[in-house]
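One chain is shown next in structure tokens, namely the form predicted alone.
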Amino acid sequence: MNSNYHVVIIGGGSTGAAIVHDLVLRGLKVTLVERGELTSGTAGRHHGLLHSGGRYAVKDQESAKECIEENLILRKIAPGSFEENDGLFVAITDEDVAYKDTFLQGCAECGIPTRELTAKEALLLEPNLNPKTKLAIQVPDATMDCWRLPMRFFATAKQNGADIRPYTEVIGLLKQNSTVTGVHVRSHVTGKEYDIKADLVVNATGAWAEKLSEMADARVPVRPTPGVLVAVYGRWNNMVLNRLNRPSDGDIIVPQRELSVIGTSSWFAPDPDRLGLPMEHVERMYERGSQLVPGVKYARMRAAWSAARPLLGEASPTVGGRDLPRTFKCFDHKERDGIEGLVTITGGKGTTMRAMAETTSDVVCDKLGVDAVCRTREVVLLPYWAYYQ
């Protein structure tokens, strides 16, 4: 055990959940703080797609390879968490058909299994598909619960000794000269403020990563990039449906229990706490979603919301959210800003939460001089409800 070292993780989303699990398995003493309820940020607001990587296989192959690798690992360590329903990339127009060979080549290069279906075969699998469907490509997408999967990581970490504190907001970083030595927090339960000392602090706040790093006079090139999602009543498809084209607005429909989630749009927001919900984006989800499944155009809305992706990239009015990569990066602020004791992990996707944690935990252990290997590829997670026992 290496419990002489204490690490504080800021952020109770999917990445923070996976990091606290990883570091506790490596024998470290770990405290995680989250200003709200666990998974109350971006982690609890995505559409619940376990990516095969197909969406990124053409233009963002690094992300695609990360997704397919983690897709397989998560199925193994979190059995029962996924509806293993596969996905279809559907061609509706001749332009979609022309994209097929490029898509198949990209998937092959990234190691993503594919199976080409005729229009008849696709419509037999998904009768509500647009009758103008010309062909489809089957990939190993799946559906997950965006709350319960991270809670399995939290449950396992808690049983192994992690100190997890929701409703605990970091309002300042403790510093000695150019070294971060802990966090100053406020409990939203008691209203009290107090310090938590640490040998190293991990910033796992996602779209809030730059705001947090600024407390230490450090900087992270993260761009909060919101998107709108719309959940409608009715299970209009049983497989995950994607449009066979370059990623665009409203080109995914994810079945979630008795609902269907249409997503998503993309724009930049300077403040992840003030995203808004543009009604024209909601309307666009209906319009674009109905191109895949005509019936959703008339489906009754259950909910509409926005969530901010923590995309890596420098601020530039000429670069759109669709053009930024979905990969992740871990920043050691000693190397980047001359600030010791602070590490930031950001970017990535819900699907790559475990990989993001492994990368971050490797950096943490290297900085602390801890010789401990990652075990999260094999350790089977406890059920989500074990967190509350």
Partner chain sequence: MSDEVIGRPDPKTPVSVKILRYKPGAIDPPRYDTFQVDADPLMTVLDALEEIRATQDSTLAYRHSCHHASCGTCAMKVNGKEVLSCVTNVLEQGTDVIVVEPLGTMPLVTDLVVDMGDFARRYEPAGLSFIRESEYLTEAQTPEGVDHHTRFESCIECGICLSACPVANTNASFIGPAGLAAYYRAMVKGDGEATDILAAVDTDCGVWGCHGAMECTEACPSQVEPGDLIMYLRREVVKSKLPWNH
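Positions refer to the first chain, counted from 1. Remember, it's a predicted structure, so these values are computed and weren't measured experimentally.
Although not depicted, the form predicted in complex with the partner chain is the subject of the following passage.
J.: Would you check, heavy atoms only and a 4.5 Å threshold, whether H188 touches the partner chain in the model of the complex?
T.: Contact with the partner chain, yes.
J.: Taking any heavy atom pair closer than or equal to 4.5 Å as contact, tell me whether S40 reaches the partner chain in the model of the complex.
T.: Close contact exists here: in the model of the complex, S40 approaches the partner chain to within 4.5 Å, heavy atoms only.
J.: Can you tell me whether Q389 touches the partner chain? I mean in the model of the complex, with a 4.5 angstroms heavy atom cut-off.
T.: It does: once the partner chain is placed as it appears in the model of the complex, Q389 has a heavy atom within 4.5 Å of it.
J.: Any of the heavy atoms of R257 lying within 4.5 Å of the partner chain in the model of the complex?
T.: Output for R257 is yes: heavy atoms within 4.5 Å of the partner chain.
J.: Based on heavy atom distances of at most 4.5 Å to the partner chain in the model of the complex, which listed stretch, 96-104, 76-84, 198-206, 243-251, is the contact stretch?
T.: Every other range fails; the passing one is 76-84.
J.: Within 4.5 Å, heavy atoms only, which of A91, M144, C110, A155 is in contact with the partner chain in the model of the complex?
T.: The option sitting close enough to the partner is M144.
J.: From the list L292, L173, A218, V282, which entry has a heavy atom within 4.5 Å of the partner chain in the model of the complex?
T.: Looking at the other structure, the residue within range turns out to be V282.
J.: Note that the partner chain is not shown here; using its position in the model of the complex, name the residues of 274-292 with a heavy atom within 4.5 Å of it, in sequence order.
T.: Sequence-ordered list: R274, L275, G276, L277, P278, M279, H281, V282.
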